[in-house]
Structures are given as C-alpha cells and as structure tokens.
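We've got the same protein chain twice here, in two forms, each standing alone as structure tokens: structure 1 and structure 2.
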Structure 1
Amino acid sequence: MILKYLKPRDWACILACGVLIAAQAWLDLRIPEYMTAVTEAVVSGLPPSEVYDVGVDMLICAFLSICASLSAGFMAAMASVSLCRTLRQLQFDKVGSFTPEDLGHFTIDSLIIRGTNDVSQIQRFFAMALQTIMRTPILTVWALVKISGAQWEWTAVTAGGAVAMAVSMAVIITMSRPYYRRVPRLTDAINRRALEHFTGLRTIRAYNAERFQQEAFEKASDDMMENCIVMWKWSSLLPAVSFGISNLLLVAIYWVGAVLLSSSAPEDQVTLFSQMIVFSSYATLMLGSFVRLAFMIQFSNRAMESMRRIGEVLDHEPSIPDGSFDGDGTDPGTVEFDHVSFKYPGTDRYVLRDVSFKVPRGSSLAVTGPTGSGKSTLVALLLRRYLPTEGEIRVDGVDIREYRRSALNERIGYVPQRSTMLSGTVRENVSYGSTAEARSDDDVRWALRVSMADFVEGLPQGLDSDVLEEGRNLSGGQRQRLAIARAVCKDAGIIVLDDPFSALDYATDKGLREAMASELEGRTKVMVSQRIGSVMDSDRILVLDEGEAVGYGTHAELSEGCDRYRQMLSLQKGASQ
C-alpha cells in the first residue's frame, strides 16, 4: 500500500539507506572481533602499544558505525518525509474532487485526521521500519555466520532465548493490536466533538449547553483514555520482557562458559574465553535487532490502520466522474433545464420533479418559492454537485456531465448562500481563483462598486486591509457584498446567486440590483431569493412549490396567473406594513 506512492527520489534515498545499513552492520560485527583481539593481547601479555593499536582501530570502527547509522537515519527520514508529503497532497487533491455525496462517506473531522495525524503515524513508522527491515536480516545472517563454529551449548541457549522472546513478543503484539487499531476512530470522535464545540460556540452559549458539550467531550476523551491505558499496559511489557530475556541470555551464556572453562585444558581457556566474549556480543546484537523488529511490528498496527484510512480516501471513486469537454459550447451564455427531476441518494422522495426552463444569454432568471421548495437544490444541480436523476442540464448548450470540472467552474461565477471569506486581504478575497492574475486593482474596484461594497474605501488600508478567517472582522452584509464582488470580478459569462441579499437592507438590495443590471449587461444571471422585491425585476421568474414548477413568467404575468406567487406577494406586503 505504501510503496506505490514512492517517487524515484524516494527510492534513491532507500537504496542509499540500504547501503549505509549494510556498512553499519558490517562495522558492528567487526567490533566483537576487536574485543577478542584485545582480550587475547592482554591475556598473552603483549606490549601495551599493540593493545593500544587494536583499541584505536576498534574506536575508529565504532565511530564509522555511528556515522553510518546517522546517515542511514537521515536517508530514511528524507524518504519518509517525502512519502508523507505525497500522501497529504494526494488526499488534498482527491478531496477537492469530492461531491457532497462523496463527503457523506467521510466526516470533515475524519478527513482532517486522515490528512494530518494518520500521515504523521505513517511517517514515524516508515522511517523506523525502513531501517529495521533492512538491518535485522543482514545483521542476523552475518552474526550466524560468525558464530557458526562456536560451542553447541551456547547455540542451544541462544536458540532457547530467541524462542522465548519470539513467543512473548507474539503474545504481547496480538493482545495490544485491537487497541492500536481503535485509536484512529477514537481520535475522530474527539476531533468531532471539538470541532462541533468551536464552530457552534455561539449557539452553545445561547442555550447554556456548555455542560452538555463538556460531558460529550469527556465521554470521547474517556473512551480514548481507557483504550490507551490497556494498550500501554500491554505495550509496556515489551521492553521489560525483551530486556529481561536478553539479560537472562547473557547470564546463561556466561554460566555455560564458566562450566566449559572449568572443564577445559589451561591452554584452551584463553581461546574459549575469547569465543565466549564474541558469542555474547553477537547474541546481544541479534536479540537487539529482534527487539527493534518487535517494536516495529507493534507500531505497524497503528500505521496499517492509518494507511487503510488514507487508502479509503485515495481509492474512493467520485460519484460524479469528471468529463472531458473544455471547449466552446454551441449556445454560449445559456442555462437550460430539460425535464429535470432529482432525489437525493438513499431516498425515494423527489426534491425536484420535471423542471424545465431556458435562460437565454444576457437575460436573468429568478427562482423563488417557500422554504423547502427545492431552490438551493436547483443551484446545486446547476453547479454539478449532484447529477439529475432524470433529464438534462445544459450550460452553453452542452450537458454538464460532459464538462471537465474546472471548465464548468470557469463558466460560472457563484455566490453561495453562506458567504465564505478567506484569511488574507480584501484584494485577495475579491480577485480570487484561476483568473486572479489577470485582474488589476481597477477590476477589483469596479467589482466592489458593482456590489455596493463602498465600505472598503473607508478601511484603513483599502484593498490591503486584512480579512480575518471566515471574515470575523466583517459584518454579515459586508461579507455578502464581498462575495458578490468576487463573482463579479471573475468575469464569467454566467452568474449564479443563491439568496445573495438575505443580509442586506432593502435600500442596499435595490441599489445592488440596479448596479448589476446596468454594469453586467450581457451576462446571464440566475438568482435564488424568497424576497419578491428582489426578484420582481428579473426577465423571468420561476416559482417552485414542493419541488414542482408552479409558475414561470414575468412579475406581472405571475401576479395575475400564479396563486402561489400571489400568496407570497400578499404575505410579504403584509409583513412590510
């Protein structure tokens, strides 16, 4: 799962890491030989200078081993960091192609964790696993070759210690595995509660629901704590058992060595003693490699779960496949719904039923109706967030299914119902997206003038004034006008406005509509609004009621021939008196 995301540069780092680890293993296995030489030199009564020379060679070998280890660690870190950068970027790009239906498979908090914490888990595991997987077999094979001619008693003791360590590690890893795999899901739950608390803080305070939120968060935190306590109870046994077995093995090797020394001839004792030192060193190196391998296997449970979750995102096929058309349409500037019906995935109720209309180039269409009549769904279909269950939707005379996502978005300037502001300056928020580089400050000021955003001139730094995250330093009406200016500045042939005047007073509403009518002549406009005063000047008005088109025409025609429109008009006139 991981290797397929590696780039050529990553493979080069892995190759270099393998060469350095092989060099380190060879140097580590040379050190016991120097220890044997020092022991024999001391026991044989050789001059101190010869002992000193051997000791210097051993220090040089140890220093080179450290350098090789550090270099191998650096290469492993480079490969793991590059891999995780790739995983983050792939997830970011993939989520950008998701529709609301696709996002229904994942929650926002879970996607955040998958792109941050899960990737970090893989980064830590991959750097450790890369070195351990390469080092363990190399060190083990070379060490076995080195001690193949030693006494069988030592070999038997070492084999028994290895079996005991393997069994104990298998038990510990098996028992802790389920708890490691629960961590990502429990982390999602904590993040979900925290995100709800931060984004809904005003509502929570308004309803004095702090205690309820606190209890919900504590429940998620307690579940994580209880899982981690059991997980670390088992995990803490791993170093204790492994080091305990290693120490007992050394004691057993020395005990067997003492028995062998006591029963051997005096002239053979020096050689036997040297073999015991070398054997114990090699056995310690092998068991140390197995311990690191056991830690890696234990952490692999968490990393494998993280990789599985990331793979779910990367392997998920968008519910709306991207088209291939990005040329010019046969009927530029037009929007057409041809007998469109729609029901949300997983439901049987139609939200829109047999809706048809065509908006010619340069004209305006207003969509109105009571709450829940399907107005915002119509906009979502036009933007290809969903595909119609029946019928066709055409933009510039081309079925929206055929467009590339980027090509369709280039043709439409969109103002959402909830204005979205990004942290940056006013200029960056208005001149935004793929057309930003082609827009000058004069274009930005023109868009602000059209959208009645004259308040920008009164800001201390004008276009360079800061906009905080989500526009927290702006009022609702100011954010809405900047969102309209952004769509105007894009200079798209079609402008879609989803209830754009809800936060504006009637005077600003009227002035903005008049400015758009005069300044945006030639552009096609589709606007959703419940205000009759906001839609009455449109070329055509579509009235929806429970998903069906119950009226279509001008304000005068609907005032005479559409009962639902007359009812809305009467209610709004009464409310304004």
Structure 2
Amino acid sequence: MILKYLKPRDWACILACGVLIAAQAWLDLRIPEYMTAVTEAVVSGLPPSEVYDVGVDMLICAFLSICASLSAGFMAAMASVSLCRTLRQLQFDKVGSFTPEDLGHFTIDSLIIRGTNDVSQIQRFFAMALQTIMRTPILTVWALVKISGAQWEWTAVTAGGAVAMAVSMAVIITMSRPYYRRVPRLTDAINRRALEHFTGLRTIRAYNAERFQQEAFEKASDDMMENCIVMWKWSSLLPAVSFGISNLLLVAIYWVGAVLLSSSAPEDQVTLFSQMIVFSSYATLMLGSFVRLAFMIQFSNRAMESMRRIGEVLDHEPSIPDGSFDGDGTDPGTVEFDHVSFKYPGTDRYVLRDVSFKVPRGSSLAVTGPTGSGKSTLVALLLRRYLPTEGEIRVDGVDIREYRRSALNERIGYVPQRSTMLSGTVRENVSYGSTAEARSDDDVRWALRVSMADFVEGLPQGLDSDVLEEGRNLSGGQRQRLAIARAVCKDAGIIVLDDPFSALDYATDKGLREAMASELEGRTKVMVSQRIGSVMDSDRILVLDEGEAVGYGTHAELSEGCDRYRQMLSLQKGASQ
C-alpha cells in the first residue's frame, strides 16, 4: 500500500537504484579477488611495478564500486525522502477536509504525530529496505552459484545453519513485534500530555497542578520507555545471535572439511581444501545478507504500523462529502432552515428538533436560549460542520449539501465562539483568508472600526503588531473584537456570529451592534447570544429551548407572546436591579 504513493520519478529512482546495486554487488565481489592477487604478488616476491599494476586494477574496481554504491544510496534516499514529502503533504491536505467529527475520531495530538513522526519512521525504513531488498537476492544467488556442486556434507551443514538462523530470527521478530507496533500510539500519548501542558498552562499553575500534570506526562513517557526496553531486550539478540550462528557455521564447515580431508585420497586433498575456503566465505556472505533482511523485517514492524496509521488518515472518507455547486444561488443573501432536526452522530438524543426559519437578504436573525439549548449546534449546521439528521438548510436558496465547501465558506463570514487567532500580524489576522490580497489597509481599518477594535491604533506598530499563537498576547475582549473584524473584513453576503459579545462590556457590545447595523446594512446577519440586550434589536429573534423553537418573532412580539423569552428578559433585568 506504500507503493501507491510513489510518483513516476520515485519509480525511476528505484529502478536506477536496482541497476546500480547489481553493478555494485558484482564489483564488490571482485575486490576480494584483486586483493588476493595483490597479496599473492607481494608474497611471491614480484617486483613493486607488478604489485602496482594489480593494485591499480583493484583501485579502479573499488572506485567504480563506490560510485555505484553512492549513486544507489542517493537514488534510494531520493525515492524515500520524496515519498515522505508526498505522505506529509497528502495528509495535511486530507485533514484540511476533515469535519469536527473526523478530527475527534483521530484526535489532533495523534494527527500531529502521524503527520511528522510516523512519516520520519517510514523515511528511515524505506531507504534501508530498498537497498536490502535488492541486494539480498543478488548476493544470495551469487553465493549459491559459487557453492553449488560442493560436498553434500557442507551443504547440509549450511542448510542447518540457515534453518537455525531463520528460526531464531523468526522467534525474535515475533516476540518483539507487538512492542514495535505499540510505539506510535505511545508517542501520541506523550504528545497529548505535552500539548495539554502548553494549552492549560495558566490553569495548571493557578491550581499548583504542575506536579499532577508532570506525573501524567511521566506516566506516558515511562510507558514508552518500558515498552521499548522490552522491545530492545528482544531486538538486541538479533545481531548477536545472527553473527554467532554464522560464526559457528564457519567452524562447522571447517570441522566438516577437516573430517572430509582426513578420509579422502591424498590427490583430492588440495582441491578439497581450497573448496572449503571458498565455500566458507560464500556461506557466511549468504548468511550475512540474511541478517540484513532480518533487521529490515524487524524495523518494518514499526514502519508498517506507521504506514497503517497514515493510510488510515489518507483513506478516511470525510464524514461530509463535498458538493459541486459553485454558481449563483437562486435567492442570494438568504438563510433558510426547513424543518431541521439534528442528533450528534452516535447519540440518540435530538439536540435540535424541527427548526424552521428564513432570514431574508440584509435582515438579521438572533438566536437565543439557555445554555445547552442548541444555539451553537445551529451555527455548526449552518456552516456544514454536521449534516442535519432531518430537514434541509438552504443558503442563497440552495441546499448547503450541494455546495462545494469553498463556495459555501465564501458566502459566510464567521465569528466563532472561541476567538481563535493565528500567529502573524494584526493585518494578516484581519484580512485572513482567500481574499487577503484584495484587501487594502483601508479595508482592514474599516473592519477594525466597525468591530470597535480601535485599540489596534494605539499599538506601537499598528496593523503590523504581532499576534502570538492563539492570540495569547491579547485580552479576551481584544481577541473577540479582532475575530469580528476578521469576519467583517471578509466580503461575504452573510455574517454568522456565535456568541460574539461574551467577553465584551455592554457599551462595546452596543456600539458594535450599532456600527454593524449601519455599516453592514446589506449583509444578512445570524447571531447567537445569551444576552437579551444583544438580541433585542434584531429583525427576528428565534428562542430555543432544549432544541425546540419556542418563540420566533420581533422583540416586541416575543415580549408579548413568548413565555420563555419573557422569563429570560425578566431574569436578566431582575438580576441587575
């Protein structure tokens, strides 16, 4: 399955790698022959010039072998590094299409590890595997050819060695496999604990919970360590046992040779002796290549698990299929819920029940209701984070299921409940998104004015001021106003605000609503809020209670006819007086 992510160029690299490895193997096998020739020349007392001649031949051969091996290594690296670039990019692109449900399925901490650490494992493994897989058969076949036709006793001993090797490798690999497979998941856990410490820093400190968090982290870290220690206890046997077996085989071959020699006719002895030397060297060569194969199989356990995890991400179908509609709607600027009911996937409780409304172009709808009444769910549905269980939602008169994701996003300016900011400058944050280039500084300033984010003008670097990751250098109220400015700056026909004033005082809240009413006259507005004060001047108000629409109308109408609304109103006024 790893292979389908290779590009044509990667295949070319692999092919070249194979050819080069074959050439190198052939050259490598010749070097010892030359070396023997040089030694013989010296020992038999040939003049230095002849030693030199043979030596030069050997060097040429060695040089060519290096060139082949280097290029083969380069080709293998090229293929594996390029494969990993592809795997990283594909995963990143894929996760971009994920819905909150998909993200929850994998969890973000695990997706981070899959996108980086798991890919690195494959990179390490793949280059090694490529070279081993190609070299092993070549060397094995070569060695088999060289030793075929020798005495059956030697073949039997070698076969015995090979079987012993295969069995012990199989045992070690099988025993260590589960531990290798567990590593990526343990890495996820370490990442999760560390990420928690970063995100919960202030709470952890305020509650003197550093120790608690540290213990949780150490648990994850120790789990990893303990798992790997057991894994290594098995794995460390692999090289020792394999070298041991091939060395013992060597002794066995020599011993068998000695016994054969002692019982053979004197005229056969010289041939038998040299056969023994040749046989032993090729038998160890063959077992040596087995060892490399065994190493590769062992490391493949971890790499395959990483690949499986990456495959899981890449093959995951986003829980909401994308549509294809990209044109103009039949009824621009409108938002319509048509008998919408919704249950979160995997649960059987309705969070919204039979909700219907239509917001005409340029008009405003406020959604209010107690905590847990389904207000934020309504926004999530409108943004197509989830699909309604029943009913239909239309934007610009078109079912939102039909839209291409980007086309739907383009129509809506969104202010999330959590005012997420990204690292960059104020300008980058406010003019954020696909149309950033088209936004002039004047547009940005206008958006900041509308959202009462005048504090930016007071910053030493104005629009160029830095915003830290998550907006950590801004107060809650400042973040919230920038989030509103960001949605205002985006030139969308519809603006959706999820509890946008929670961190703002009433004066700012009021100023903002006034500015939005006058400056964003043509835009359709859908706003969620708990505050009656914030919703009452909307054109229409939808009152939700336990997922049901218990009131729909203007402030005046609801004050008359909706008990729940009146209750909320009196509660908020009552509490203040």
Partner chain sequence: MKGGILPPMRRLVSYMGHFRWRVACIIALGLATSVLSAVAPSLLGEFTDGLSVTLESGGPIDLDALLVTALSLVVVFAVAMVTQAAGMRLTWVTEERLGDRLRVDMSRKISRMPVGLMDSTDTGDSLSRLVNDTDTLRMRSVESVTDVVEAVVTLIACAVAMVLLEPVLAAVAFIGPATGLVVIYAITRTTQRFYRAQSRDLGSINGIIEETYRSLDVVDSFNALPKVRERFAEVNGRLFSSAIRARFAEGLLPEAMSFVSNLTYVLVCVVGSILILDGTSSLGTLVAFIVYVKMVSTPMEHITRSVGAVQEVAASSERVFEFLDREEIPPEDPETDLWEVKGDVSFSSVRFSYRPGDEVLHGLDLQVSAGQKVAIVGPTGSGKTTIANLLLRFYDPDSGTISVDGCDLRSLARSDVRRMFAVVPQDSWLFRGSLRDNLLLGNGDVSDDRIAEVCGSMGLGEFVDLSEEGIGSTIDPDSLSAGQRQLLSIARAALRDAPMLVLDEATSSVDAYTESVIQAALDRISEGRTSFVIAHRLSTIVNADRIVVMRDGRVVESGTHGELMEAGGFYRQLYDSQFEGCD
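We call the rigid core the largest set of C-alpha positions that still match within 1.5 Å between the two forms. Just so we're clear, the structure is a prediction, and the values are computed from it rather than from any experiment. Residue indices: 1-based, along structure 1.
- Where the criterion is the form predicted alone, structure 1 meets it and its counterpart does not.
- After superposition on the rigid core, the Cα of Gly257 moves by 2 Å or more between structure 1 and structure 2.
- Here Gly160 counts as shifted, since its C-alpha moves by at least 2 Å between structure 1 and structure 2 after the core is aligned.
- Core-superposed comparison between structure 1 and structure 2: CA of Gly288 displaced by 2 Å or more.
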